[in-house]
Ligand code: 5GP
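Let's start with one chain on its own, the form predicted on its own, as structure tokens.
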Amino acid sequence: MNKNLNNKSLLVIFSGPSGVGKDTLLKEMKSLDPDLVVSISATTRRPRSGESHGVDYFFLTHKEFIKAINGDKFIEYVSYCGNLYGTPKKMIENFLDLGKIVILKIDVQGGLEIKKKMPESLSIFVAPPSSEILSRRLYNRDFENNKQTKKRLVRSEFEIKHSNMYNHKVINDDVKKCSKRILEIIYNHKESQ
């Protein structure tokens, strides 16, 4: 993806460890600014309770995902905790062409890859108030799968170590305040373009 962003569009890389509250923050941000576009990623993982294809993720089989990789359909893709995740290229290009603010909820590895390809993008890392709170959130959410939770906690250490490579780091200690702070960062960045 070698397109330059037009003066109205903005690509926002939005990362943070699993369990930090990214989805909750994005819902709150969308309620404050309905014009924001939150990209939908593709994944090979199974849907969680309440998740829908084409709304939360594009749920693909491993074979479908590999076919999309071979067809150059992703801006980036990564393997995370045994599943594949990718950002559909065409959808992002279309929204940017329309001058939208597009938020990519993406892991650090993918975020850094996109930052190399599109250095004009804005990157925001969401951190937990503490590692203890993050651990508690993950165990409460994934109580049926402690092995998966342990993998996510190990991965979170890697992600937090790389948070200094992002333009901004915000701590999610209060959803409403954190959402407003993130929107303020986005609007200030857009004004300075």
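Note that residue numbering begins at 1 and tracks the sequence as displayed. It should be emphasised that the depicted structure is a prediction, and the values quoted were computed from it without experimental measurement.
There is another form of the same protein, the form predicted together with the named molecule; it is not shown, and what comes next is about it.
*Asks:* Just to confirm, with a 4.5 Å cut-off on non-hydrogen atoms, which of 78, 102, 91, 118 contacts the named molecule in the model of the complex?
*Replies:* Selected residue: 78.
*Asks:* Taking 4.5 Å between heavy atoms as the contact cutoff, choose which of 135, 44, 163, 41 touches the named molecule in the model of the complex.
*Replies:* Filtering the options by heavy-atom distance leaves 41.
*Asks:* Residue 9: heavy atom within 4.5 Å of the named molecule in the model of the complex?
*Replies:* Result no; residue 9 lies far from the named molecule in the model of the complex.
*Asks:* Within a 4.5 Å heavy atom cut-off, is residue 106 in contact with the named molecule in the model of the complex?
*Replies:* Because a heavy atom of residue 106 falls inside 4.5 Å of the named molecule in the model of the complex, the answer is yes.
*Asks:* Residue 87 near the named molecule in the model of the complex, any heavy atom under 4.5 Å?
*Replies:* Looking in the model of the complex, residue contacts with the named molecule include residue 87, since a heavy atom lies within 4.5 Å.
*Asks:* Taking 4.5 angstroms as the cut-off for heavy atoms, does residue 58 touch the named molecule in the model of the complex?
*Replies:* No, residue 58 stays farther than 4.5 Å from the named molecule in the model of the complex.
*Asks:* The named molecule isn't shown here, but in the model of the complex, which of 44-52, 124-132, 164-172, 30-38 has heavy atoms within 4.5 Å of it?
*Replies:* Looking at the other structure, the answer is 44-52.
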